[in-house]
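A single chain comes next, written as structure tokens; it is the form predicted alone.
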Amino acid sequence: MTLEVAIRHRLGDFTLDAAFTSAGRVTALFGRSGAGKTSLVNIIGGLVRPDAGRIVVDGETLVDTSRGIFTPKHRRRLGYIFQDARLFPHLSVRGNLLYGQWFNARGDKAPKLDGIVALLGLEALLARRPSALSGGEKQRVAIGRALLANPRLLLMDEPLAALDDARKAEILPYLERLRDEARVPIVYVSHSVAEVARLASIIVALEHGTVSAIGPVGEVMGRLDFLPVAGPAEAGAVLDAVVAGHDDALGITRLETAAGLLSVARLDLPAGARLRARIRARDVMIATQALTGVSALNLLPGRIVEVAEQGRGVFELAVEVRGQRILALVTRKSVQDLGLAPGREVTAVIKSVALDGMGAVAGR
């Protein structure tokens, strides 16, 4: 499925002027608060009529202001998951799920209740009322209700924003299963680099109402100009990886990536599992000489291909390692003292523990 968006809309002093095309299974609308993410997804969903522009989903024109086309939201066959689950408090989980089927006009082509319940792990919850559910459970029910309406596109507006870290960790594997098994394309709105790195195939970065970058997640996050959007604490590279094996005695998992083998703290994943490794720029050190007696297990030799000053004496480097880009944050003093410039052969030094945790190593 292909989503084409080219719209212009004014909201008070804010102007949204965004255009992109995506055929990704999960398209992330990413940016800081106020960038226009929610406004854009509301326009795609038909909750807001844009001043001008065009929206096409899978070849069908939903909006074209030049031709007077505006398909009402109830005829777009789009599912919408909000930050809060918005379940019916008087209905059980089963009743909330079945409500979604009332909006399906495709009969036997619709997803089956049992399949959606199994996909989202809702078997033990069917008789409960929403008041007896955790935040993560409520969101899983909301997703199931939307899927049972048989949408051709699922819109998710910061679905984890209201959850604490424990509930986010609970629901993320279900979102991965949704991405991989349900086969429903998703537009996922988020300001979380960790969520986008874990779930998305295509990222659309928004700044001040315009698209500043679009492309595969690994490619966009490897760009130096993405740091101001992601923020210095979260900017970094994303590498596709496969679990090559484990050393249980040492508590280590080895990941095979195009940049080389990475050692990380033991993961509860089988050999051969495919995932993503996110290496934050702040966790990478740069060495210009051979290292010995160092605790870091990941030493990746490469060549500096780009250097950019990010302000306040901080520089970001892009190091090419076997065709992959690893990012690093360093001081102006390090740049000057070590002669860090494009073309310089260096080693990217990455601690194994820096790759541990939800945001660092995550499912593809």
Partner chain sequence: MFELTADEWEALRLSLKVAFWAMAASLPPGIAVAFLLARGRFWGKLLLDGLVHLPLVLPPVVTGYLLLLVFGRRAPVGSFLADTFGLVFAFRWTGAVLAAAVMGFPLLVRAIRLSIEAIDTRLEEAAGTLGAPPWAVFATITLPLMLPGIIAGMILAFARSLGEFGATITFVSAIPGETETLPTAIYLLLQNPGGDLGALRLTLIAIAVSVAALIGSELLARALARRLGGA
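Everything numeric in this text was worked out from a predicted model, so none of it was measured. Numbering follows the first chain given and starts at 1. Think of the rigid core as the biggest set of C-alphas that the two forms share within 1.5 Å after superposition.
There is another form of the same protein, the form predicted in complex with the partner chain; it is not shown, and what comes next is about it.
Between the options 112, 129, 152, 208, the residue in contact with the partner chain in the model of the complex by a heavy atom within 4.5 angstroms is 129.
The contact with the partner chain in the model of the complex, taken as any heavy atom within 4.5 Å, belongs to 87 out of 125, 217, 255, 87.
The stretch from 189 to 197, 168 to 176, 87 to 95, 220 to 228 that comes within 4.5 Å of the partner chain in the model of the complex, counting heavy atoms only, is 87 to 95. Proximity of residue 78 to the partner chain in the model of the complex: non-hydrogen atoms within 4.5 Å are present. In the model of the complex, the partner chain sits beyond 4.5 Å of every heavy atom of residue 266. Using a 4.5 Å cutoff between non-hydrogen atoms, residue 280 does not count as a contact of the partner chain in the model of the complex. At the 4.5 Å threshold, heavy atoms of residue 73 reach the partner chain in the model of the complex. If you take 8 to 47 and check each residue for a heavy atom within 4.5 Å of the partner chain in the model of the complex, you get just 47. If you fit the rigid core between this form and the one not shown, you'll see the Cα of residue 129 move by 2 angstroms or more.
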